[in-house]
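Just one chain follows, in the form predicted alone, and it is written as structure tokens.
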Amino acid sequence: MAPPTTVDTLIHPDWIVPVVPHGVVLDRHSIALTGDTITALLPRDEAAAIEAREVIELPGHALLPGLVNCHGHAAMALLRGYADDQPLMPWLEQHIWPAEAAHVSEAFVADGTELAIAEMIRSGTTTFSDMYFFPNACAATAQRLGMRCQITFPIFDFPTAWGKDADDYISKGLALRDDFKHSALVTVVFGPHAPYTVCEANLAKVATLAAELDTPVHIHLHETAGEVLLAVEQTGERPLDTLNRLGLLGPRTQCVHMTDLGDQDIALLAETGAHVVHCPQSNMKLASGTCRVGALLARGVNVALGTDSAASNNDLNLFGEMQSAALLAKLHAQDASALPAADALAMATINGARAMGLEDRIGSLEAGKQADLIAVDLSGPETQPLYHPLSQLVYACNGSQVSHSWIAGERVMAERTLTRIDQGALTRRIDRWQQRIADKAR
């Protein structure tokens, strides 16, 4: 295909890491954007013939797809550091759930989501998946700020601030799906919380509706060995087998955490085409266990990355997750060649897009895809000397090197400055929440 003659934006970095093809780094290439779409990737000398309304020179920078955070609870950024160093269930039952019962509202979710989006954009994420109460507030905030997201509306058997029972959650969630069905940025999918909070009858209902609507399902699964053991004691089968029996395991299913996996579980995931979302830092901090990433990838299971919430992580930085995933995989396998940098970057980009069913739109830098991309400054002392840009991105970058970010062709950060978020006003609102939550805890 001949290169375009005129475009909106032409960007000249030193390197482009397109992710597809896998492991490739393009030297002295440029990228052209028109509207919300990537028009072309081409050598710098060929790009010189293109007329552009805006030309951006980024010496010392690598350009790569925006990162895809496949699991989180954005509004819980307001509970960052609230109850650290606790095991999972005491952390939830004695600290997080009481705090949520006291404070969660639409305003809490809107402000917490804006804080999370600010953090994610500044550390390279351009798409996130969210499961939390008042998903309408999260969706509206993401749409207003130009952030791409997958809203996984929560489903429980019991009442919460957002709903009274599973039927109520599903009804509200499907209404939200209708509200955003024409959005270019927001997709809405089913989010049954977990097999231990949603009964089999309601999980079966979700399976039927998801199949009828061809809509993804996002669920916490095999989060700890204790969860799996309890399920076996109560039902006689592992949670993954229960989901499969109910028709809830397939190519639309996003299985989050998956720290307790036997060979039979991995075989079932491979057979059904279900996706795994690995949250290494949260799993380590809560001592939940280790996901067998190497074994999953070896069987062809798609593995994506998530941060979980800032209350259990304590950040939403996918650069940290890439490094943690790579190092943990090497330690677990006792093999330094396990999960190389290119694989870790794929988990944070194209694999995440694939898990969400968005791989035709995002996750790699290819002509015709959405212009979701980030520029990473590799000229600083932390990333010098530079032998292999891809390795440097995974093992040496911490997210603060992200200088520019585009979502659907719109620049949402330039030279580390957010273009659609007033950081001063946001900080003042967050300070008021901190005081309110801390006062209530005393």
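Numbers follow the displayed sequence, beginning with 1. Quick caveat, the model's predicted, so the values are computed rather than measured.
The form predicted in complex with a further copy of the same chain exists for this protein as well; it is not shown, and the discussion that follows is about that form.
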> If you check in the predicted complex, is Met284 within 4.5 Å of a further copy of the same chain, heavy atoms only?
Replying inline: yes
>> Is Asp315 near a further copy of the same chain? Define near as a heavy atom within 4.5 Å, in the predicted complex.
In response: yes
> Can you check whether Asp335 is within 4.5 Å of a further copy of the same chain in the predicted complex, heavy atom basis?
Replying inline: yes
>> Can you work out whether Glu119 and a further copy of the same chain are in contact in the predicted complex, taking contact to mean some heavy atom pair no more than 4.5 Å apart?
In response: yes
>> Under a 4.5 angstroms heavy atom criterion, identify the one residue in Leu328, Val104, Leu268, Ala295 near a further copy of the same chain in the predicted complex.
In response: Leu328
> Taking a further copy of the same chain in the predicted complex as the reference, which of Thr160, Asn136, Ser364, Gln86 has a non-hydrogen atom within 4.5 Å?
Replying inline: Gln86
> Hey, of 31-39, 390-398, 66-74, 45-53, which bit sits against a further copy of the same chain in the predicted complex at 4.5 Å between non-hydrogen atoms?
Replying inline: 390-398
> Looking in the predicted complex, is a further copy of the same chain within 4.5 Å of a heavy atom from each of Pro98, Gly368 and Ile407?
Replying inline: no
